[in-house]
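Consider the single chain below, provided in structure tokens and representing the form predicted alone.
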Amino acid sequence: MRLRAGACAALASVLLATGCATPASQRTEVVVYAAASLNSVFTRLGTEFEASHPGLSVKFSFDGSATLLDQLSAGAPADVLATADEPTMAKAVTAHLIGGAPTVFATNVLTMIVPAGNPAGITGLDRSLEGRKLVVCADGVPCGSATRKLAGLLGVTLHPVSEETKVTDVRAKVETGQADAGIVYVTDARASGDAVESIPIAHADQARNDYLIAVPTSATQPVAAAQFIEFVTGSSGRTALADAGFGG
């Protein structure tokens, strides 16, 4: 039995009124490779992006910027690449993995974190670190390169017990008490909440990292990828990034 036109229209109105969303199987998926330090803020932005772009969904892969570049070089599928520094993105451009000019969308600086209560009595990049367990990012990782640059500016020699490939791993070791101190981004310190205490590092702004975003040449959804980048660099993105502690 066929529904009359009026009945069909009424049914459509009901479906719209109940907020029926596009089924997941019918959505276009945007694959975003992003630096680990962007995890919290990009997860928030992904939810907001999907809500304002019916028919699109976002799948994230968070890791160290250097690791993401290696994965992209090996042919891993990605529609968007967001790195925590300019040198890593420059390598992607040189390798012709990126089409067009990358966009700087945020900045970040370093700070020191210690477990809540500062049980080891750390006071900064000074003699209070002697005999203590300091964790930093590995050389070649954006936060690691920034750490070495800052230490050089301050004339300090660091003796970490561990060097991690992701800044979030440094943060986790301090949060759980496996380390007495760690050097992370200010955004990571904020994301840790009451689990850690932050000790500012002098001249940290001189080792600032610029975050860049771009569409890989191998992207299978370049139009949707461009929409995501526009969202990140637009007013919603700027608000979320500022809330997370990123600079403009």
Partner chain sequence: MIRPALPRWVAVPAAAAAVFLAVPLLAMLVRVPWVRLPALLATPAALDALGLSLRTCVLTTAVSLVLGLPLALVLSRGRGRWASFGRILATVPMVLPPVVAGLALLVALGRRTWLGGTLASAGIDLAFTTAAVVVAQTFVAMPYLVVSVEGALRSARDRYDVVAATLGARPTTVLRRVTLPLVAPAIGSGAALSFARALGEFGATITFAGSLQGTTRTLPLEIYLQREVDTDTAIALSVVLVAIAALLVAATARLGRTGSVPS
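Residue numbers count along the first chain shown, from 1. All of these numbers come straight from a predicted model, not from anything done at the bench.
One more form of this protein, predicted in complex with the partner chain, exists but is not displayed; see below.
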Heavy atom within 4.5 Å of the partner chain in the predicted bound form, from candidates A66, I213, L45, A189, belongs to A66
Would you kindly say which of L150, A78, V135, A92 lies with a heavy atom within 4.5 Å of the partner chain in the predicted bound form? V135
Can you say which of 122 to 130, 160 to 168, 92 to 100, 105 to 113 gets within 4.5 Å of the partner chain in the predicted bound form, counting heavy atoms only? 160 to 168
Is the gap between P87 and the partner chain in the predicted bound form 4.5 Å or less for some heavy atom pair? no
How about A82 - does it come within 4.5 Å of the partner chain in the predicted bound form, if we only consider non-hydrogen atoms? no
V31, heavy atom within 4.5 angstroms of the partner chain in the predicted bound form: no
Check whether D205 has any heavy atom within 4.5 Å of a heavy atom of the partner chain in the predicted bound form, and answer yes or no. no
Relative to the partner chain in the predicted bound form, which residues of 175 to 196 have a heavy atom no more than 4.5 Å away? T176, G177, Q178, A179, D180
